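One chain is shown next in structure tokens, namely the form predicted on its own.
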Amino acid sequence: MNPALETLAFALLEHPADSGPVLFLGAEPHPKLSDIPSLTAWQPLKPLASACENAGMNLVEEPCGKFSTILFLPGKSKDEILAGFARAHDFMAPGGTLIVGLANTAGASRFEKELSRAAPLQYSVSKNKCRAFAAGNSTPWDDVVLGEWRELAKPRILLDTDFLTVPGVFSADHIDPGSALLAEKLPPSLYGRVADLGAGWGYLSRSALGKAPKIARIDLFEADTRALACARKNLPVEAPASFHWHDVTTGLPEKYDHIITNPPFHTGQAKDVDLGKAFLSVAAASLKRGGTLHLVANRQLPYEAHLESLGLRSRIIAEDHGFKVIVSS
């Protein structure tokens, strides 16, 4: 179990909140939280959202209203965390409390100090190499600090592009160099039905559509609903594309002529090569006869052997100092 979640739940039990409604931002299931009947959960990542639903939590696409207690389990992006503080503040009912859970390695101490810039801290709990800290709104929060954080929450256009991103999504501040290398090497001969696995905010899909006019449709599969919302705006309205909030590791609903992917290899902050391998296993199972898989990966990741074990023949068609592009069939 996520130790930051464990620490957050411990802090809530050690410092019981009012009996009013509870909002859990970045929600994950925890047995000690399952007995809170008024808890509303928000989680943008599909695997964790599914886990919340399976645990019987009241999961919403977008929270609304005011809450007596806000639980916040942030991601790893600085802007996402600070913007999340402001978002939590705006959901707090009068006399409400925000409780944040963060790992020490994720900068818990630093972000505790950041929150104290806006409001006096009520308490702080250290456990499991993590920290949970709380602030209320009985005293008004600093408007200048809140304004800084709200600015961070706004969508941004990447420099020298027209691509829209938001804080917290993968490669929110730049075009990922691995994706750029793969986009450069995508062949104009792609045709028919194409899938983009881990599509993010749509860079590879738009690149593929721009290079390969014979693509009949491209399906974007992405686990982060925030990134998928950006992809909808980054692809032309007339593009033959469909968008799926989906956990790729659970499989795809149909087979494809071609698949493109920059597979993830982190779960939260931890390196997880098995996640990337799971993407490739699903891709191999979802190719039509004669189909091709086009992927980019860090040079040190051992994907070629895994692809061979799946019955695919692979070759590296491009490399640079950090990445390799592999085509498999």
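Residue indices: 1-based, along the sequence shown. What you see is a predicted model, and the numbers here were worked out from it, not measured in a lab.
Missing here is the form predicted in complex with a small molecule; even so, the following discussion is about that form.
Screening 196 to 204, 229 to 237, 82 to 90, 150 to 158 for residues having heavy atoms within 4.5 Å of the small molecule in the predicted complex returns a single hit, 196 to 204. Just one of Ala223, Leu98, Ile259, Ile218 comes within 4.5 Å of the small molecule in the predicted complex, counting any heavy atom, and that one is Ala223. This chain appears without its partner; in the predicted complex, the one residue of Thr249, Asn137, Ser109, Ser116 with a heavy atom within 4.5 Å of the small molecule is Thr249.
Taken together, Pro47, Phe170 and Ser179 are fully in contact with the small molecule in the predicted complex: each brings a heavy atom within 4.5 Å. When the small molecule is considered in the predicted complex, Phe279 lines it closely, a heavy atom lying within 4.5 Å. When contacts are judged by a 4.5 Å heavy atom cut-off, Pro29 does not count as touching the small molecule in the predicted complex. Taking the partner from the other structure, the small molecule in the predicted complex has no heavy atom within 4.5 Å of any heavy atom of Gly291. Residue contact with the small molecule in the predicted complex: Leu275 places a heavy atom within 4.5 Å of it.
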